[in-house]
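In the form predicted alone, a lone chain appears below as structure tokens.
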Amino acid sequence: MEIWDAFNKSADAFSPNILRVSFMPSLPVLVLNSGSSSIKFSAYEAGNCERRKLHEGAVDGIGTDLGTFWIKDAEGKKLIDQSPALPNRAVAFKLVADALHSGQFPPPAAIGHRMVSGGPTVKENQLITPALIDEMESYTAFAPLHTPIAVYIMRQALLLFPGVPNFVCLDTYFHRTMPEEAWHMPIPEEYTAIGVRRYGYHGLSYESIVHQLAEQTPQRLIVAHLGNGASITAIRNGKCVDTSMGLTPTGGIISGTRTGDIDPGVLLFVLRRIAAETPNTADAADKLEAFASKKAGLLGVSGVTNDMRGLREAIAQGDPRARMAVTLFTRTVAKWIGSFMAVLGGLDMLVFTGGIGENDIASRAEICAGLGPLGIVLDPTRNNVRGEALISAESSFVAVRVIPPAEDLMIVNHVVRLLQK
């Protein structure tokens, strides 16, 4: 109970830009961020107004005979570097738990979990209980690629780290400020009443961009989180007013293996073909989900890969399908930027983030190529960079920046805020 007592003494306020804490000189906070085939984690010392990274690591390749497991210290030195068989998520998470219990790393005083979607009823970041996990699991359909492993790890964390408070931090939390006209879908009210609406995702990434900009956050901001999953959000005065992803992360922009927004008639056409060979309704729905979420997007169009680096290599070798996949991607991103400029009534700053947004120079140039009439002009020399930078030309009416996300830091901040309660 000492941790809770210490935190109860603190009454400092939290804001997206300023965090003042006065509870204890050192509080190791573990962050767990799970994906469909990976578990990423990091630990921060949170105390006395500081956030200092202690270590970070990942288990990747879950479901394969040759995965990777590594942990680095704050300076980037490899402390663990293994290539184990990872037949399932149980083996993968046990590697992480055993390493963190080895005595080589400070034991966590609190744990924060990234959760893509809590469904229509779990809207706030909060303390995790077994009942809360059950509630979030009941909405697996809202993020079918992410929820199963996330709830598994939450249950395991409660067992393997007894007495340590665990907190869920939602990607949907940042988007809760959208007005109803942004989240309401054009469907019968009976479906809206049971939670069918636009939720938006990548919220921790967007929140971290606002946090990093701090007092430089402009009134009208668009952030493009571009990676294997891609989305765009319109932000006014630091708050979300619209976003591209919808009920699930499959909506919005074409991404690695997801369709993005698509004519519903296409799904009905595909479903009828599936149903002709798969009379069982549940099995047919699973096949349709795989079509839209795992076999489409950059992978489906190119027939080569869902990785932008591989697509660029294929384009250099003259592959027309790879070129089409990338063109669809960059064209769609540009269209969303233009539409969100209309929502915001103009634009002061555009930020690229995520793996593609930070590192693919050509994608940024192609996205902005046709946006000159809207005041967005890149400087080719400034854009020839990977990582944080100002890449807009002097003549650009809109500042264009590259800022890496800091999702783990935002989770730590939320954990501290929630512990203070």
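All of these numbers come straight from a predicted model, not from anything done at the bench. The first residue of the sequence shown is number 1, and the count goes up from there.
Although not depicted, the form predicted together with a small molecule is the subject of the following passage.
Comment: the small molecule is not present in this chain, but in the model of the complex one of 59, 356, 391, 46 has a heavy atom within 4.5 Å of it, namely 356. Put simply, of 321, 273, 236, 309 only one has a heavy atom within 4.5 Å of the small molecule in the model of the complex, and it is 309. The stretch that touches the small molecule in the model of the complex, counting heavy atoms within 4.5 Å, is 300-308, out of 300-308, 276-284, 162-170, 102-110. Mapping the unseen interface onto this chain, residue 228 counts among the residues with a heavy atom inside 4.5 Å of the small molecule in the model of the complex. Within this chain, residue 52 is remote from the site of the small molecule in the model of the complex, having no heavy atom within 4.5 Å. Contact annotation for residue 386: at least one heavy atom lies within 4.5 Å of the small molecule in the model of the complex.
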